[in-house]
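This document starts with one chain, in the form predicted alone, laid out as structure tokens.
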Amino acid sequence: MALIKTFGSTIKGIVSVVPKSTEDNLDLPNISIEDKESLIKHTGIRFRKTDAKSGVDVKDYFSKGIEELLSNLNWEKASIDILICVTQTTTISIPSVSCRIHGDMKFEKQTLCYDINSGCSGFVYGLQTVQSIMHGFNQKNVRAILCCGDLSSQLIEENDNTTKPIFSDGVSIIGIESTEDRNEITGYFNLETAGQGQSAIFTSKGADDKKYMRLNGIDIYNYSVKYVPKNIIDLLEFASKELNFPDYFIFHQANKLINESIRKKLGLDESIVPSSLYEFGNTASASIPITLNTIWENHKKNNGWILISGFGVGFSMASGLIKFEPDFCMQPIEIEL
């Protein structure tokens, strides 16, 4: 197990950006109204944000979010030491999304940039990566921007009524800053992989020779319910904490059936396991921060620590117990490019 502590850095703010265009699962073609209602009941997903227009780049959504983040935190671009993007929907293979953003937005040459190819667990992996890098900097004040998310609709075949009702487009931009005490523990992480589950979510060619996302729903459910609760329990044991310690448990928004099964297996009360599925669907690596955006204005703080858990494509799983006291964490922004 990759059980890891991180030190001396904390999330200062989260901005999430979603397309203005919304699709309703009650409008899905070639499905009876009874089946549509059953689908919404079991997945928990009514609406999805989509931007499948040709030529739209996830980079543009990241850039909009970065502008909002810098403005809200009153950070200058020259103060950013790290820019990392977590995504699986790049329009071009090279150069990286982070390097293209760096060039377009004119960040300083000293800003470290690279991409991470990761899906559902990507926010947790990305956060641990950023915080570990920050701790190694030979300076007092370190700032980082972590971008997570995908335009998943670009990977979905138009008539695929298995995958289409689940996935939604959206990105999150997270501002992270070093704390005054660089040796303060600010996170505990448990990062694992069950690679035998790599075929649960994958891409294959469609009739038009393009690559599209495919799901094996039974495998996704079985891997999630088998491995994720133990991943969380092992993390809490590593941190010497009980299940009643975190203020909230923020799960990757896979679907209602999976998330409810994990919640019940852990014996958690519904009130501390929020969901954003109904309005936003499964937004891949952005789903945890988007969920935080939807609840934080009315959150009930106890000790300032939350547990985050991402799981899915790979089959990859990652949980983190993090100190979370941001300066701002606002509702997702809708844009039209």
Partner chain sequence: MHDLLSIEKFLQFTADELLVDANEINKNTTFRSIRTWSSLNALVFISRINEEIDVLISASDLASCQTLEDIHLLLKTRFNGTD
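Numbering follows the first chain given and starts at 1. What you see is a predicted model; the values in this text were computed from it and never measured.
Another form, the form predicted together with the partner chain, is not on view; read the next lines as being about it.
- Contact with the partner chain, judged by heavy atoms within 4.5 Å in the predicted bound form, is confined among 114-122, 99-107, 213-221, 243-251 to 213-221.
- Contact annotation: L39 falls within 4.5 Å of the partner chain in the predicted bound form, judged by heavy atom distances.
- At the 4.5 Å threshold, heavy atoms of I233 stay clear of the partner chain in the predicted bound form, well away from it.
- At the 4.5 Å threshold, heavy atoms of S261 reach the partner chain in the predicted bound form.
- Not displayed here, the partner chain is kept clear of A194 by more than 4.5 Å at the level of heavy atoms in the predicted bound form.
- By the 4.5 Å heavy atom rule, the three marked residues I272, H299 and I306 all fail to count as contacting the partner chain in the predicted bound form.
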